[in-house]
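First comes one chain, alone, set out as structure tokens in the form predicted on its own.
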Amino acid sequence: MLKHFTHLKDFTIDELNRIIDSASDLKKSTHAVLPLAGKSLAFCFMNPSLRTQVSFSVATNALGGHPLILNLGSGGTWGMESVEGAVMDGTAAEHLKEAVPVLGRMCQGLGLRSFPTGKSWAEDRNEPALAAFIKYSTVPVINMESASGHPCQALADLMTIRERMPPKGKNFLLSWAPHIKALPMAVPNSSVEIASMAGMNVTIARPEGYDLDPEVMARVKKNCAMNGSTLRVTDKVPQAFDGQHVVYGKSWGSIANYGQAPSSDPAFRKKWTISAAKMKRADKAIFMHCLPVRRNLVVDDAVLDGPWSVVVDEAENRLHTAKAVLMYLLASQPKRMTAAARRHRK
């Protein structure tokens, strides 16, 4: 059966921990491991990227493979259509129905980064581009961030926590933060989902109207119940920081006012910006953020430059977990043999 790495809900915590164990081993190893020798992977980006693009490119190369970076529809390739039955009289010149299987015949794995449009959550949450990749691909697909989740970031997050503390029973705070845009919910969704899977007590601090997707919250609630941990949602800050071991700062947009930027009122921003005073209320907590981060809006310089911050270590772990995901999906797959090689073998 074809394996993909697209959503946390498709895995148990034991399976995810095994991938992280592999990442930890790869991080410590000084020996060259080339399980992807002779294999090519196409990483398709519909949106900007730094850590995701670099981590998967370097990881593929380090494992002996060949990475291809494709910026879909922005000068790198044709514009892509994902809707079945669409009359293609707009900017998209190619349908994923053809593009994805073509890539699958040339490459041994595909990755996709596709942000939501920010126009309709009912449409965005169906993740049309990712769904098309999964439907039409004949090779493994990696979700490098979609409308509802960022499982690759979540792996690096849990790896970073594990390097500092056993996660089970520890306190995890996801704290909403101000921004100039209505950002996707992918990272916050995945951060609380994997924290709940790992047995952490989860607190979500957010303004009224900024609740996460109900389906994600249902899974988080179920995970906490199974692990005997707690789930709390509050708008009380700075009180939410009390006793936390991990503070994850992140901005995200409101489902109720989908696509609208948060308030720019200075008092509102000050209330939700993550400060040193708030971090001092926590229990010697680490501060995490997926990056990029807007300094002195999302979080103060004093936090990012202070003893709490592990954001650079967290970013580095994107590389090691990328290697582990690639090995999980592709290391055991036989390389495709070219026609010339088959003739030579005969």
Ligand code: CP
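Each residue number is its position in the shown sequence, starting from 1. Because the structure is a prediction, the values reported are computed rather than measured.
Heads up, the form predicted in complex with ligand CP isn't pictured, but that's what we're talking about next.
Remark: C290 counts among the residues lining ligand CP in the predicted complex, judged by a heavy atom distance of 4.5 Å or less. Contact between G64 and ligand CP in the predicted complex is not found at the 4.5 Å heavy atom cutoff.
Looking at K39, you'd find every heavy atom of it more than 4.5 angstroms from ligand CP in the predicted complex. By the criterion of a heavy atom within 4.5 Å, S49 is counted among the residues contacting ligand CP in the predicted complex. Only one of 116-124, 142-150, 165-173, 210-218 lies within 4.5 Å of ligand CP in the predicted complex by heavy atoms, and it is 142-150.
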